[in-house]
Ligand SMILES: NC(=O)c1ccc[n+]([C@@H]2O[C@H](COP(=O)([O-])OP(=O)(O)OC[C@H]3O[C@@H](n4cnc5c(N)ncnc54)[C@H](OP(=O)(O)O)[C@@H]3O)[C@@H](O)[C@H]2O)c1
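For reference, the chain that follows is the form predicted alone, supplied as structure tokens.
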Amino acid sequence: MRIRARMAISADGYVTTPSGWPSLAADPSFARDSHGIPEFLDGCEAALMGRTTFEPALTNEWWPWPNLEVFVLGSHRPAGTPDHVVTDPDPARLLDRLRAANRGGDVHLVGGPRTIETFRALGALDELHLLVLPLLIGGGMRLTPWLSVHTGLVLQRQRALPEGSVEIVYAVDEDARPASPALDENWLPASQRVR
């Protein structure tokens, strides 16, 4: 089982629009089967996410994870949550429940930078896929400071996609942490330091 996160990011570095929507939603060519989504989900048996990502899916016209087991980090079970969805407010316990249910397939870690960092800090992030979009958004949420700048990343592969995006896949390897003095936490502005 590998836990893989896939984040779309604008060419100017934003993972959300200024109004908080995922940057992928701003791409006019976005569709359910675009941007390498089917290939990424092939081999996944589960989705792991935070409540903020999960709740909008409850009112979506189509269920985004039709063939996946769904595990949600949240303190309550929202109305309309399908019976098969597992919820838990404790990330370590939710991870244990996910591992106990896993049959060997991969897990799609869905969500924003805070959710991804929560599970990375638990040692539960194996790959980070960045989908660089041919868009300049100009504002929104960035991947850091939520995802630690000390995360070790090792390039695995990259590919251009038909929609004009580029997918870059990194293995997360904490032994490959950046040693650059420029990444010393004291160098960062206080708002970006890992808490």
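Keep in mind the model is a prediction, meaning the values are calculated, not measured. Residue positions are given as counts along the sequence shown, with the first one as 1.
One more form of this protein, predicted in complex with the named molecule, exists but is not displayed; see below.
- For the three residues G104, L153 and Y170, a heavy atom within 4.5 Å of the named molecule turns up in the predicted complex in no case.
- Contact check for H76: a non-hydrogen atom falls within 4.5 Å of the named molecule in the predicted complex.
- The shortest heavy atom separation between L41 and the named molecule in the predicted complex exceeds 4.5 Å.
- Within 4.5 Å of any heavy atom of the named molecule in the predicted complex lies no heavy atom of G123.
- In the predicted complex, the named molecule lies within 4.5 Å of some heavy atom of P89.
- Along 32-59, a non-hydrogen atom within 4.5 Å of the named molecule in the predicted complex is carried by G50, R51, T52, T53, in order along the sequence.
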